[in-house]
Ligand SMILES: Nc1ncnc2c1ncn2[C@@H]1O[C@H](COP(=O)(O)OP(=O)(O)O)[C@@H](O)[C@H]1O
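Only one chain is given next, in structure tokens, and it is the form predicted alone.
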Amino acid sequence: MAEIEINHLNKFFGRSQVIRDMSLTIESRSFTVIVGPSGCGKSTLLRMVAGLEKIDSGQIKIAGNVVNNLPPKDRGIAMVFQSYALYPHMTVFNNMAFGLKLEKKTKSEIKTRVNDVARILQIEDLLNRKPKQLSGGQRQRVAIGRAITRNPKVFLFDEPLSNLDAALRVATRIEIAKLHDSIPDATMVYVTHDQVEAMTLATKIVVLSEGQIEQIGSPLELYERPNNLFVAKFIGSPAMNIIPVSISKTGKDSEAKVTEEIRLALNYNIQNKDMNKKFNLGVRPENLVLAKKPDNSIRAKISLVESLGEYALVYAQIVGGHLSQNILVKIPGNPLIEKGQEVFFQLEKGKEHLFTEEGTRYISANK
């Protein structure tokens, strides 16, 4: 069992605080992805867990043991870096065996463990090559293999796919997912700014912003019930549409006013005290559908249609009043619409998200 407990962690670089009183529990055997934009503190947090970055205050426990003052080699962790960090003068075999040699394992044990891991990662035929003879994807698999051979309690991944092209990113992502299945006792913590990686790999996602946790949950929880505007806009690709509205009708038949001409029924029971207040209406691109009638619809002028075969991405601008609001709609197939055309988009019932003007999720009894 290798649970990670982080309690009231703080980190400063000079006067800049990059981790702010953070507390987090990462369950044993989970695949936890820490996600957020550049500069949010996710890599710093991972390096603190690894022992590569000093803790200013707070506590980190791994498998019940406080590791604040332990060197990396004594923490029972292995880390995979963005830059591969392979020794160029060593063969793949020796790169993967390096940590085991430092632990003074026997030659037969080293050979067995390296060969077993090479088989899992399908790199048996690369063991005698040097890093310069490998592709980017192969190098990353060697770096992952070097981590696995040490049989650690915890695997730490620091944006391991960032240097790969699109096709290799997908292929290596699949390999990492398989890896978690093949080593069920290992706890894996994976840092990325790519929310697609987070959604496809994680059992649990931790969303960071400016050194603080915005939300923790399963990929589906974060996608379907984001706690605030930051999470709503960050999780999901393409990103959620955010439309400023005011409440024009409360109660079970509540209604949002986009413009004087555009009123939308909401699947929320809005309280009377919120009448005429400003809100943000969140709608995912796939939850807007072409409509034939203007009733309960958004009137918009098409700016661009990107046909991608299976679906089309439609960029449009809402028409009405003084509002200058762009929206993005994801439509299956190839819709018969073109640039400059005015159309109506309807919200799928119950798929809207409502946030206060301050950006927090509006809590209300749904219909």
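Bear in mind the structure is a predicted one, so any value in this text is a computation, not a measurement. From 1 onward, residues are counted along the sequence shown.
From this point on, the text means the form predicted together with the ligand, which you will not see here.
Taken together, V245, T259 and L264 are entirely out of contact with the ligand in the predicted bound form: none brings a heavy atom within 4.5 Å. Of the candidate stretches 25-33, 325-333, 310-318, 38-46, only 38-46 has residues whose heavy atoms lie within 4.5 Å of the ligand in the predicted bound form. Although the partner is absent from this view, V18 contacts the ligand in the predicted bound form, with a non-hydrogen atom inside 4.5 angstroms.
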